[in-house]
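First, one chain by itself: the form predicted on its own, in structure tokens.
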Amino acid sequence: MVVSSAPGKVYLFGEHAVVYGEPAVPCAIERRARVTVEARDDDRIRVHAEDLSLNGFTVEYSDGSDDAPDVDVSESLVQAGIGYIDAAVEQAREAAGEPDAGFDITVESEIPLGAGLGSSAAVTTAGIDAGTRELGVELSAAEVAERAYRAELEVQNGEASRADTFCSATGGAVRVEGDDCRAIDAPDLPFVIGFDGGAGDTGQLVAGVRALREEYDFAADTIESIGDLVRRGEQALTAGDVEELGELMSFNHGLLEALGVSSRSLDQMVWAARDAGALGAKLTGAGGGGCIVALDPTDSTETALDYTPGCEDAFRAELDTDGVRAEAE
């Protein structure tokens, strides 16, 4: 039995635009998904995912079966809960050269599903690492990142970027532009996260931005503007200019709002953070619901979010410099 974990993330800048080759800067945070994998004597997959939904679920099925997993929850929840795990299993099997390997898999996550904190990337990354280790193969962080990207690309119908999975595999702050992925230096940043209790449909939101970009030239220009903003933000990050970072984060939120990926609850939390004196605030991830990230070294933003209608949780998060790792059993 092997246990691996990987961190979630927030975007300082660049979500959505990164799909079109523009740069993005995500940062790993100290909230992790933990995946336990134990090999079976048959080719079946058993997944117990207590923390991926409100009620949790356990499913068992055979690879290649035409039957859906027999579980008393909605089909969409099953797809959300096991789609990335299934893709991770296939990557682990391929990496180890054991296409018929079966596994018992348990997922425990501190990261809400679909909320913009990289839950799917963390589960996929940790799952691949644990699966390959259980089959006697140890991959580098770069190899795990590459396979996790392939898994997300499959699940997201070709619309994934390397940003989430690379950040989860390597930890820290990273810069991603197309296939160019690298770590960058970052100071300790005073992250405050607000969560509305919901989740956006990543596929639908990405498709909506694509349709807007194809129909309107100014939408394409907006995406290019996000890329320009990211380049400016990277300079501020490496210089340790936290005030400039905050201003650019707020600017980035406005551009994402113009692309139609924000929501009333996200906007309410962003404005509450700004009114409380945050250096900057924006949605993080695909949008449509989920989380915002703010910069505030004081307690003011967290307190304000606690009293903001539509905000179900507010918490501080530290930059996690560790990426995917094996854990003691």
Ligand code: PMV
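Everything numeric in this text was worked out from a predicted model, so none of it was measured. All residue numbers are counted from 1 along the displayed sequence.
Omitted from view is the form predicted in complex with the named molecule, to which the following refers.
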Notebook entry, point to check: Thinking of the named molecule in the predicted bound form, which stretch from 279-287, 264-272, 296-304, 33-41 has heavy atoms inside 4.5 Å of it?
Noted result: 279-287
Check: Leu189, Val206, Ala101, Cys181: which sits within 4.5 Å of the named molecule in the predicted bound form by any heavy atom?
Finding: Val206
Note to self: When the named molecule is placed as it is in the predicted bound form, are His16, Gly118 and Asp164 each within 4.5 Å of it, taking any non-hydrogen atom of the residue?
What the structure shows: yes
Next item on the list: Give a yes/no on whether Gln91 approaches the named molecule to within 4.5 Å in the predicted bound form, heavy atoms considered.
Entry: no
Notebook entry, point to check: Wondering, does Thr202 line up within 4.5 Å of the named molecule in the predicted bound form on heavy atoms?
Noted result: yes
